[in-house]
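One chain is shown next in structure tokens, namely the form predicted on its own.
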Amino acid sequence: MCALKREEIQNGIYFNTISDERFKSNKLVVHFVLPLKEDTAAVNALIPNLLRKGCRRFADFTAFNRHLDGLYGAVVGSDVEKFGDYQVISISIVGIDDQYTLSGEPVMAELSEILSELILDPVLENGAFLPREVEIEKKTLIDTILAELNDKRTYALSTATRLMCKGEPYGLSPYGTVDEVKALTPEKVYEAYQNLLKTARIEMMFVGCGDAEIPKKILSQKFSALDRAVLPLASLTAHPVPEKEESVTERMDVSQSKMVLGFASGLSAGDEAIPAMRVMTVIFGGTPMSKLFLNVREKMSLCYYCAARLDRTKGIVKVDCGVENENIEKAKSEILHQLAEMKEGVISDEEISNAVMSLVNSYKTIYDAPGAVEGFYLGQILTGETSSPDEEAQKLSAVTKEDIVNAAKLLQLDLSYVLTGKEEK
């Protein structure tokens, strides 16, 4: 069930099939994977939302959506995300499989044609994207960037990441900055789009119950016309373990302070110790039964929330909490105390069992939706892994207490970041 079939169909273009007869629809995604860079993040982030709005065959957005409705409500989507040191630009289409149409219409073929046309035959004017559409999408992207500032928890986490990983691609935003977006022109965006088609690694993903040979044949034919000179992607590398802790305090008009503690482990994606680090992170602060929740939040009432999360691509564990000013140092001390106890082996069998069960259940739910399946396997592909959700769950079940303690011992505090209120005059 949901096994990955992967093949290179052209230079740097891969077609990945995950078939599951339980689904009644098919999801087809084209991902462009490229290095995350400061000078290209903003312009690349603008491209997918421009492409999803239509193509030369459907230059009118209203007519395009009417056509999608006629295909049993097919849906086009776009996305931009950061995966380790990579920026991933995605265009997708989802629709019902041919066997479930009323008269056996070849919906899958048309969806494949549409997706290829959106990407390869966009609406242009004078050799560039339409100025009006570029301005609309620039405003949307700026709103996305500014929305982070309004959500102080998200802002604190992203700022801590930027400070902790200064000089690394991982420290950058996949959306760029407001000033970088404002400086974009239709010509610059089109130039970046052409570079994307030429140099990016392309991962095509098909998830569903239908015949994957249909989209593979159509996309292979359409993309064969591209003049490709693929730039090699560097392997994902771990964030280095620091020599000493850095402390940063930022003041802003906030009613509740936010604290983020960033820990480095020296691990990277695919390392044999990652499953143990997953379990360790859940025991530490991944569930309402975790040490941070039960002790720092509930027992000692030092914060409003306190959670830990692992990014396996860089081997980084971030603990973030919402805390009153007078409790900042107390909360930090107790968080470090809980980690120190884990390093000493203060971990019960029940804690291990609960953590493993929580993680295993999360892997089981991946099978429930095509999007979750597709996202899981894309992550596996980008980290050079091939195991299924079931196989990943088996790795977690095999983790021992000794493995967890050793994982905890790898963590070194890299950054202590506090976002707090302005000083009183």
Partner chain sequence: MVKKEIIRNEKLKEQYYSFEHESGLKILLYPMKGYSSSYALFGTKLGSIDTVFKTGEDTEYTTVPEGVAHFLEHKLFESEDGDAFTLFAKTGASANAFTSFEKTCYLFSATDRFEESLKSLLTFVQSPYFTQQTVEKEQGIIGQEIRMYEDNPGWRVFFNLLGALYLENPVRIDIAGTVESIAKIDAELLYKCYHTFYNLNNMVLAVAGNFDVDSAVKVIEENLKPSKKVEVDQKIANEPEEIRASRTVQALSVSIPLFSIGFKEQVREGQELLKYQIASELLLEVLFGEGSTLYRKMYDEGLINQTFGYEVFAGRGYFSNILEGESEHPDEVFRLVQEEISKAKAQGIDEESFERCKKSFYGRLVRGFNNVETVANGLVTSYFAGVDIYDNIKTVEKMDLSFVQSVLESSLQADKAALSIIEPVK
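Being a predicted model, the structure only gives us computed values, none of them experimental. Each form is matched to the other, and the largest set of C-alpha atoms that superpose within 1.5 Å is called the rigid core. Positions refer to the first chain, counted from 1.
The protein also exists as the form predicted together with its partner chain; that form is not presented, and the subsequent description refers to it.
Heavy atoms within 4.5 Å of its partner chain in the predicted complex belong, among the stretches 266-274, 144-152, 235-243, 210-218, to residues of 144-152. Highlighted residues D60, G70 and Q99: every one comes within 4.5 Å of its partner chain in the predicted complex, counting any heavy atom. In the predicted complex, its partner chain sits within 4.5 Å of a heavy atom belonging to K139. Remark: R297 counts among the residues lining its partner chain in the predicted complex, judged by a heavy atom distance of 4.5 Å or less. In the predicted complex, its partner chain sits within 4.5 Å of a heavy atom belonging to S358. Residue contact with its partner chain in the predicted complex: G54 places no heavy atom within 4.5 Å of it. Listed residues G176, G285, G84, G95 were compared with its partner chain in the predicted complex; G95 is the one with a heavy atom within 4.5 Å. Screening N126, S348, S301, S224 for any heavy atom within 4.5 Å of its partner chain in the predicted complex leaves a single hit, S301. Annotation for 20-48: interface residues with its partner chain in the predicted complex are R22, F23, K24, S25 [heavy atom within 4.5 Å].
Superposed on the core, the two forms differ at V254: its CA moves 2 Å or more between the shown form and the other one. Taking the rigid core as fixed, one finds a CA shift for K216 smaller than 2 Å between the shown form and the other one. With the core held fixed, R297 shows a CA shift of 2 Å or greater between the shown form and the other one.
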